Structure formats: C-alpha cells, structure tokens
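There is one chain below, alone, in structure tokens, taken in the form predicted on its own.
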C-alpha cells in the first residue's frame, strides 16, 4: 500500500468514525427533543404509527405483508401496530381487490388528521432548530439525509 493510500484509508476511518458518532447523537438527540417538546401535537402518534400512516398516505392502501416488507419489519410486528391503529380508529381494513381472501389497510380521516398534525409540528420544530442555517445548507442537509436513508434502506433489503 502506498503512503497516499494509507493516508486516504486513515482519513476515511476518521471520517467514518465521525459519521458514526454524529448518527448516534442524531438518533439520541432527536428522540430527546421529541420527548422534551412541550407541544402535544408531537405525542398524538407514536413513531411507528406515524411512519405507517405516512407510508400509507404516500402509497395508498396495502396489505400488511407489503407494508412490513416496505418498512423492513417483521409481519407480526406490523400486524400488532396495525391492530392498535385500527382500534384507535386511525386505519381501516377493506377487502383486497387483488385477492378477495385478504384485506388492505388505509388511513382514516382521523388517522390522516393526526399524521398531518405531527408532520406540521415536526416541520415547525425543525424550522426553529435550523432557523440560523441558510436555505442552501438546509437543502444540502435534506439531500444528504435522503441519500443516507436510501443507502440504509438498500443495505437492509439486501440482507
């Protein structure tokens, strides 16, 4: 290995170590911020319910198996979460038009209302947190987070 390759490898290791630390802090501080926020809007849905409702809103009705596969979760986990959402009147089940033996789930108006309230509260929160950032920096952050999420999603799907 040349000296240049060794320096790049060492530099890459330092950078990857910084990324690991920053992602760990992001996850911890993100959750702590959510819990500490005084707004009740942040707490009208738990994280799992919010993700499920956001996905269903974006993609339309789906069966639990498709939802579990898309969210990289075990089917039994999604079934429990969906049952809780249905019990709370936030999703509805309907016969699957592609397979009459199954059902598809979709958000109810109440589910969409709660999801929109959480989304608006989170958007305001990030607006406050990032108020001193330039629009370019905020756009760059959004782009890089999107790339990171795509890479994480691709990695989990290959397993």
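Positions refer to the first chain, counted from 1. Just so it is clear, the model here is predicted, and its values are computed rather than measured.
A second form of this protein, the form predicted together with another copy of the chain, is not displayed here; the remarks below concern that form.
| said: Does any part of residue 32 reach within 4.5 Å of another copy of the chain in the model of the complex? Heavy atoms only, please. | reply: Yes, residue 32 is a contact residue.
| Is there any non-hydrogen atom of residue 113 lying within 4.5 Å of another copy of the chain in the model of the complex? | Answer no; every heavy atom of residue 113 is more than 4.5 Å from another copy of the chain in the model of the complex.
| query | Is residue 86 close enough to another copy of the chain in the model of the complex to count, meaning some heavy atom within 4.5 Å? | reply | Although another copy of the chain is absent here, residue 86 would stay clear of it in the model of the complex, with no heavy atoms inside 4.5 Å.
| message | Is residue 93 near another copy of the chain? Define near as a heavy atom within 4.5 Å, in the model of the complex. | response | No, no contact at 4.5 Å.
| said: Using a 4.5 Å cut-off on any heavy atom, which residues of 126 to 154 would contact another copy of the chain in the model of the complex? | reply: Heavy-atom contacts within 4.5 Å come from 126, 127, 128, 129, 130, 133, 135, 137, 138, 139, 140, 141, 142, 143, 144, 145, 146, 147, 148, 149, 151, 152, 153.
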